[in-house]
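Just the one chain here, laid out as structure tokens, in the form predicted on its own.
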């Protein structure tokens, strides 16, 4: 849910349900990498609630668009990390199998 004004779309607070520090801090990081962002931060209203509030202020672009772009960037980063890790695991397994064969 977005909490913002219709007159100034460059400032909004987004309330995300079923999220915690893991997602919020990652999104905050990607938002801070974007030159269009002048401020971003997040808060968790209460520890027993699975809800995060993310505040985004931009240089003029709509905050919702900048947040969407940051989420897409985060998704690409996660895909890169996953594929890099997968390749490293496969290489390790291949080397381990070769080493096991040499010992016999």
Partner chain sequence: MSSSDEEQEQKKNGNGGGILDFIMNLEDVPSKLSPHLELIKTRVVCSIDAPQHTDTINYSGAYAALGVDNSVRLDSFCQNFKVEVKKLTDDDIEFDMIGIDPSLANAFRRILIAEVPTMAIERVYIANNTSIIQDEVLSHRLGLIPINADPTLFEYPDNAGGENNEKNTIVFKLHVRCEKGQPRITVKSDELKWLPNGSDLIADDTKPNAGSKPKTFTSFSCSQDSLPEFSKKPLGPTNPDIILAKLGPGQEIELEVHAVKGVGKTHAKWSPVATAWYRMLPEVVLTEDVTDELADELVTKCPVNVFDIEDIGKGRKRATVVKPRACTLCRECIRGGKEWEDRVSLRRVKDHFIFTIESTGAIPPEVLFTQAVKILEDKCERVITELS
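Keep in mind the model is a prediction, meaning the values are calculated, not measured. Numbering follows the first chain given and starts at 1.
The discussion below concerns the form predicted in complex with the partner chain, not included here.
- Message: Taking the partner chain as it sits in the model of the complex, is residue 28 near enough to touch it, meaning that at least one heavy atom pair lies within 4.5 angstroms?
- Response: Close contact exists here: in the model of the complex, residue 28 approaches the partner chain to within 4.5 Å, heavy atoms only.
- Answer with yes or no whether residue 43 is in contact with the partner chain in the model of the complex, where contact means some heavy atom within 4.5 Å. Although the partner chain is absent here, residue 43 would stay clear of it in the model of the complex, with no heavy atoms inside 4.5 Å.
- Taking 4.5 angstroms as the cut-off for heavy atoms, does residue 47 touch the partner chain in the model of the complex? Flag for residue 47 set to no.
- Query: Does residue 35 reach the partner chain in the model of the complex if we count a contact as any heavy atom within 4.5 Å?
  - Reply: Yes, contact at 4.5 Å.
- Output the sequence-ordered list of residues from 11 to 25 with at least one heavy atom within 4.5 Å of the partner chain in the model of the complex. The stretch touches the partner through 14, 16, 17, 18, 19, 20, 21, 22, 23, 25.
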